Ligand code: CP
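This document opens with one chain alone, in structure tokens, the form predicted on its own.
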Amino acid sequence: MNTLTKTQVSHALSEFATNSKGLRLQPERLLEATSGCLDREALDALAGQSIINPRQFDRRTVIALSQLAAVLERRNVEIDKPLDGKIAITAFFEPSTRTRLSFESAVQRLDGKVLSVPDGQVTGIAKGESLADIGEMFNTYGDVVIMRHPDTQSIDEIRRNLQRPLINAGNGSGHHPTQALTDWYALLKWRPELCFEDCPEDQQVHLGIIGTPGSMRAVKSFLRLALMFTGAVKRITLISEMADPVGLDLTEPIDQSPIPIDITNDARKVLPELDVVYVNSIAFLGDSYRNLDSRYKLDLSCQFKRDAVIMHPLARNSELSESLDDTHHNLYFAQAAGAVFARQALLISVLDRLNRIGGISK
């Protein structure tokens, strides 16, 4: 562990990431709750690793990355230029706004450089080139590859030849591990007590997830991490129009988890019991997307618990009304605002540049 002094934590303060509406989260609350300690062993273990599936994380790693993200959000670490000399390739073969731009912002704010593929049709894919061959080329062009692709099997194909670390930014109905990391960074800032294995009972949360984890990669990845927080998550309720919304990837970890898990199709009935409501609008089915049924729309008419918060990976559709934006239930804008710092923490760790940041060297 590396312990940061209060002076180091407050050194060269930068403005917090701000969101225009809803709750604003204070990163120093997370640092104070964990005594300003950074788990260097957990962070160093990520050096050179590809990040493909959220099961690669454990609770310790999620907390360690969240602590580092809080340091990055609280301090002006740009002056250390931790990614100087590194090139990140953002290869997006599927449309993206927040994920691509937050990754590119994360790299450039740390003085790294970006080679961007914002549309797969501008690559050799349009000529029939394979992802495996593109991966071979990427070995020469950059130091880390961040890829989104509509094909769930795309990760396996590009890794046939790719030797650089690969960060999965969404693969079809597969996984979205950095979205889940962003989600849990927001939750741990909102309620730092969730870090503790002996989380006080009155701080434990009942999570409600509206969607279909089996076909919603962001929901699937969020749930996968939630299962790691035993003692902090007291119950999970899946709210879905499908009788079996889980999918094969989650069947075993759910069966092995001590956290009680319920499934219901009645959102209005269970909403008053939930501390956290996680909703997503888009399910990836084969080669197309499907939105949630109108029965699951959240708006001001819903009976939320007084201090309940709503999360959404965005982009949203009609399932999340703008009427909730100005309420204290809105955690989704703050959730999005923290994405740059969560992804910075991961990139710094994967590229083994922690020693470039003043105050947390070995």
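One rule holds for the numbers: they count along the sequence shown, beginning at 1. Computed from a predicted model, the values in this text were never measured in an experiment.
What comes next is about the form predicted together with the ligand, which does not appear here.
Stretch 312-320 is the contacting one of 24-32, 58-66, 37-45, 312-320, since its residues have non-hydrogen atoms within 4.5 Å of the ligand in the model of the complex. In the model of the complex, no heavy atom of residue 257 sits within 4.5 Å of the ligand.
Mapping the unseen interface onto this chain, residue 96 counts among the residues with a heavy atom inside 4.5 Å of the ligand in the model of the complex.
Using a 4.5 Å cutoff between non-hydrogen atoms, residue 179 counts as a contact of the ligand in the model of the complex.
In the model of the complex, no heavy atom of residue 220 sits within 4.5 Å of the ligand.
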